[in-house]
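Below sits a lone chain in structure tokens, taken as the form predicted on its own.
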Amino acid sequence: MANLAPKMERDLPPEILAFLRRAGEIAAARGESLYLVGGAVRDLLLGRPNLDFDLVVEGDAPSLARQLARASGEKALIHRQFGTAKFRFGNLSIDLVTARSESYPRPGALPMVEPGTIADDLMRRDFPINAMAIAITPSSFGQLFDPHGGKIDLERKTIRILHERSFIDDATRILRALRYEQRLGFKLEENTQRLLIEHSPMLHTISGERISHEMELILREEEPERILKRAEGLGVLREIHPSLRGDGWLEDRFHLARQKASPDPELYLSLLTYPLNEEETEGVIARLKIAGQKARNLRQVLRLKGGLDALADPQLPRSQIYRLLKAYPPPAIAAAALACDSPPARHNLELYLHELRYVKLFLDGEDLKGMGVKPGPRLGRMLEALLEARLDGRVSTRGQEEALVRQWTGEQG
């Protein structure tokens, strides 16, 4: 059994190493064994940074979490019914859980859990590379516990499932397998890929909320298009919704999005659904249980796509661009600007996004009332006309705005 204490001392920041040693000492004083598990172990062995630490205790996680949080001057968020807790240590986010075993009453169902050992806890995980633990109690500090050969898989750059029913029990592992494969530059092990393809219809046993969560994690990756392309190639993407594509068009748009800004999952999702028609878009919204502003944004992108012909005129006045786009949320306009094929329309969308929507008048309603304009619809129409004049460059100073108002009131007086 390998001892990683020297690597931990070399690679971990001193304050984090000190925290782990102290946490192990506190657990040992309680008669409990504490382990660093999962992604933090994997990334430590790969030399990749990771500020999300998962700890597993063979004991009482909520009680231990309170004690550890107090020692760090923090407060722990406790979920007693699940035997879990979360707290922070500086920039480090720490999840602490009671070691458990799991069983699945039916495919796609949430597992039934009960307290167990560290071996039980590692057996419930998705892949051997995420099923390793490092002991942090003083008597065995740094000992690597790797019952499923995760370290070998890291060396071979392989994603492998723990058992034949893995994708049947929890089909979200299909999406996680592709996410880790592309993030790490690994390859699916041959039998794992065969079972992934064979069992991809099991994604229909997973709730829309859980699929949506996994899709958001994919869209938070550095190059999500690679995962989506792989998912399409293996027949996985169509099991989420048959209209979705991870093709070259999407690859180009995602790349362009990163050149222009730091895209978020919502923008990526808008680009993913941009080629779809209304029925297909509504199908994706229903499948992924997308609600609220996110759903409205996808519908607005669809609506905006249908009106792009009106924006394709390179001679379109700035006030007309503003009038056509002011009702749309900026995320929808950003998606359309990245996705549309018309250079004039793209220019006009970007002009609105980066300049026109920020144009403000010097005068407001109170100023106009002070100039004799009575409250009511006419005042609102006058402000709109004044803004159009400002957008089109017919006025550019407060004095010019006032002169234009006096001209209008004089004409109508």
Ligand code: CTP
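Residue numbers here begin at 1 and follow the sequence given. Predicted, not measured: the structure shown is a model, and the values here were computed from it.
Keep in mind that the form predicted together with the named molecule is not shown, yet the notes after this line are about it.
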(message) Each of 39, 42 and 179 having a non-hydrogen atom within 4.5 Å of the named molecule in the predicted complex: is that the case here?
(response) yes
(request) Only one of 189, 170, 153, 146 comes within 4.5 Å of the named molecule in the predicted complex by heavy atoms, so just point that one out. (result) 170
(request) Only one of 183, 323, 204, 79 comes within 4.5 Å of the named molecule in the predicted complex by heavy atoms, so just point that one out. (result) 183
(request) Tell me the stretch among 328-336, 251-259, 118-126, 283-291 that has any heavy atom within 4.5 angstroms of the named molecule in the predicted complex. (result) 118-126
(message) residue 130 versus the named molecule, in the predicted complex: is there a non-hydrogen atom within 4.5 Å?
(response) yes
(message) Can you work out whether residue 54 and the named molecule are in contact in the predicted complex, taking contact to mean some heavy atom pair no more than 4.5 Å apart?
(response) yes
